[in-house]
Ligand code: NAP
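Below, in structure tokens: the form predicted alone, a single chain.
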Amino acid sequence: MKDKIVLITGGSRGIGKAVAETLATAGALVVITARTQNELDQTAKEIRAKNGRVLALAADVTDYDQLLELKQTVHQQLGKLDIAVINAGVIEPVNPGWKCDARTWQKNIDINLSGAFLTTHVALNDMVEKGSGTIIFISSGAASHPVAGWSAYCAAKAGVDHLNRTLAHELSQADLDIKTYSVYPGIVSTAMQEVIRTKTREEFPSVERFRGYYENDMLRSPQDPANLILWLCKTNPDHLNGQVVSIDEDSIRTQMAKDLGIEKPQSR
């Protein structure tokens, strides 16, 4: 990872923050972005305190012009991107489809799906010029099955998974050495989980199960998916290109732990 230039969206907290810290420790030049500069600055301060190299730039992933400005700054200060971790996301609205606010539903798609594409489009132009690179989408198991109350989130993440598959197919046909992966991080202790636990049964019928994950200490640490992303960045496994890579799959955890020389994450 030494001197690899990595863009991480939603990089100020949760999984994005853990990924930034982990990749910076591994030697990468990390660029973190989110909408709130104060949170980015705090995360950057913590990374630098551990001798990590980080650039903190506020941007809205739904605004293509802001992403282009961000990339221009990265080019001026660091160079062209090698890796992009597409992590920015929201869970709201949480409610049955006919009850949720339609504009909030559309905003979810704008951030989780359109924002993923816009960020990828910006990053891929660098990678195509370099002739190599890695795109990692933070997706969700909710992409693969319906979850009552999460129609926007499920639809957006399903779209992300198919975007991943399609891009991998296109890049392969173009003979470009650029890999793409969708990561299922498991149920992780993040601010999104805190929001989910505040919902009523009418809004989210499975809320008691998710409260139980928290009360019974069943949530994953953000470090688990961060290690998975480090593993993908370092090994770029051909057989997983364009595929879903789940932290809950035993063979993935086993291989990751072996290759990184770390303790195998527990099943959850």
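Note that residue numbering begins at 1 and tracks the sequence as displayed. Just so we're clear, the structure is a prediction, and the values are computed from it rather than from any experiment.
Another form exists, predicted together with the named molecule; not displayed. Remarks below refer to it.
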(request) Report yes if any heavy atom of residue 28 sits within 4.5 Å of a heavy atom of the named molecule in the model of the complex; otherwise report no. (result) no
(message) Since only the chain is shown here, I'm wondering whether residue 36 would be in contact with the named molecule in the model of the complex (any heavy atom pair within 4.5 Å).
(response) yes
(request) Please run the contact check for residue 253 against the named molecule in the model of the complex: heavy atoms, 4.5 angstroms, yes or no? (result) no
(request) Would you please decide whether residue 59 lies within 4.5 angstroms of the named molecule in the model of the complex, comparing each non-hydrogen atom pair? (result) yes
(message) Looking at heavy atoms inside 4.5 Å, which stretch does the named molecule contact in the model of the complex, given the options 170 to 178, 68 to 76, 94 to 102, 132 to 140?
(response) 132 to 140
(message) Each of 13, 188 and 191 within 4.5 Å of the named molecule in the model of the complex, by any heavy atom, yes or no?
(response) yes
(request) Please pick, from 154, 113, 124, 88, the one residue with any non-hydrogen atom lying within 4.5 angstroms of the named molecule in the model of the complex. (result) 88
